[in-house]
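A single chain, nothing else alongside it, follows as structure tokens in the form predicted alone.
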């Protein structure tokens, strides 16, 4: 049963949307997390290891989609794994909801600590969830069109910070390269890998992409471009802030704060705020949408919209109860998120693909 009647292009639903979904949150915290493990070599974690992982995840997603071109991961997991597939589908829905609640909490913590410390956290969360619920009810086409409008603003904000940071940067902070060998780099790669793996969201969107020939190409492009942007963020943060990077909660925001050119260009952190609010709204809407769509498919509903309100309430409560502080959330992202995400981003899809190949379920119906 098709619960989503709209169609989007592969550029809208694969290239642009996955970029916004991953970069909007990763760019703020990845430099600190990689610096804590790999020091000045954090940029290698984001550029090399995480990109390889992202491309492998993309390959598995595309191979599954080629075998089940009109199904989402919630649907074809039931075809591949039988009754166990419903458990897999339910686990994915809970994972989408949980990750989204973490994002909502991150948003609230960021605004609270950086701009409006006297405002209750619940106020920020409610506003963001209201926007996410509205976009979810409007459907995939609206989310992708909103992202098309936001995307230039989002990318220009990031590029503006990089450009203005050039004057403050001391690239000798990046030397010597790999002074402590490969082990710290591998340890520091887990978080960038987990964020890159969030491209798994397209496994819920590909049946609604109308130009399938470009899907594989655009997904690979997205992974590579994300890697370049996060690498620049890590390089410039290290070059400007140095060894203090690993002690900061939102180092990219602090990078923007450091920028002062003459007496007329300062307070550039407003660019980061614009980027964060716009990008994270799209990310929350996307995860909200795929959780609602997946719930409708799992329950056999004719329309996913009736589940939007209950899921919104769950998201709101969960986002408030997850962590006691932003420090605790960063600790969770550093120590838990990576291994937890790996299971859903690559582990389960890879197992599903192997089972599908061995049991000869599905068929090569899409070129990708």
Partner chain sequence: MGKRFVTILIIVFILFSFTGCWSRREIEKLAMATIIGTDKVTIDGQDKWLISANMIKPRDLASQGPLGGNGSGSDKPTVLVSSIGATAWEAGRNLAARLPRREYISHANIFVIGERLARDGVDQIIDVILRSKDIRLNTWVLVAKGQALDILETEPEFEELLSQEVMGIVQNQPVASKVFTIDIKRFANQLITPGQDAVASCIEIFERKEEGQSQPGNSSDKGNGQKAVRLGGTAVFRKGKLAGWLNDEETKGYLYGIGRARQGIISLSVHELDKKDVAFAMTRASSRIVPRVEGDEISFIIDIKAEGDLQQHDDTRPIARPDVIKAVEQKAAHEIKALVENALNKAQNEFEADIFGFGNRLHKRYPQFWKQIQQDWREIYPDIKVTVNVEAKVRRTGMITDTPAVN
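Numbering follows the first chain given and starts at 1. What you see is a predicted model; the values in this text were computed from it and never measured.
Unshown form predicted together with the partner chain; subsequent notes refer to it.
**Student:** Using 4.5 Å between non-hydrogen atoms, is residue 175 touching the partner chain in the model of the complex?
**Tutor:** Taking the distances in the model of the complex, the answer for residue 175 is yes, it comes within 4.5 Å of the partner chain.
**Student:** Answer with yes or no whether residue 149 is in contact with the partner chain in the model of the complex, where contact means some heavy atom within 4.5 Å.
**Tutor:** No, residue 149 is distant from the partner.
**Student:** Looking at the partner-bound form in the model of the complex, is residue 241 within 4.5 Å of the partner chain by any heavy atom?
**Tutor:** Heavy-atom contact with the partner chain at 4.5 Å: present for residue 241.
**Student:** Is it the case that residue 117, even though its partner is missing from this view, gets within 4.5 Å of the partner chain in the model of the complex, heavy atoms only?
**Tutor:** Close contact exists here: in the model of the complex, residue 117 approaches the partner chain to within 4.5 Å, heavy atoms only.
**Student:** Choose one stretch from 108-116, 226-234, 186-194, 73-81: the one whose residues place a heavy atom within 4.5 angstroms of the partner chain in the model of the complex.
**Tutor:** Single hit among the candidates: 108-116.
**Student:** Within 4.5 Å, heavy atoms only, which of 94, 166, 258, 273 is in contact with the partner chain in the model of the complex?
**Tutor:** Of 94, 166, 258, 273, the residue with a heavy atom within 4.5 Å of the partner chain in the model of the complex is 258.
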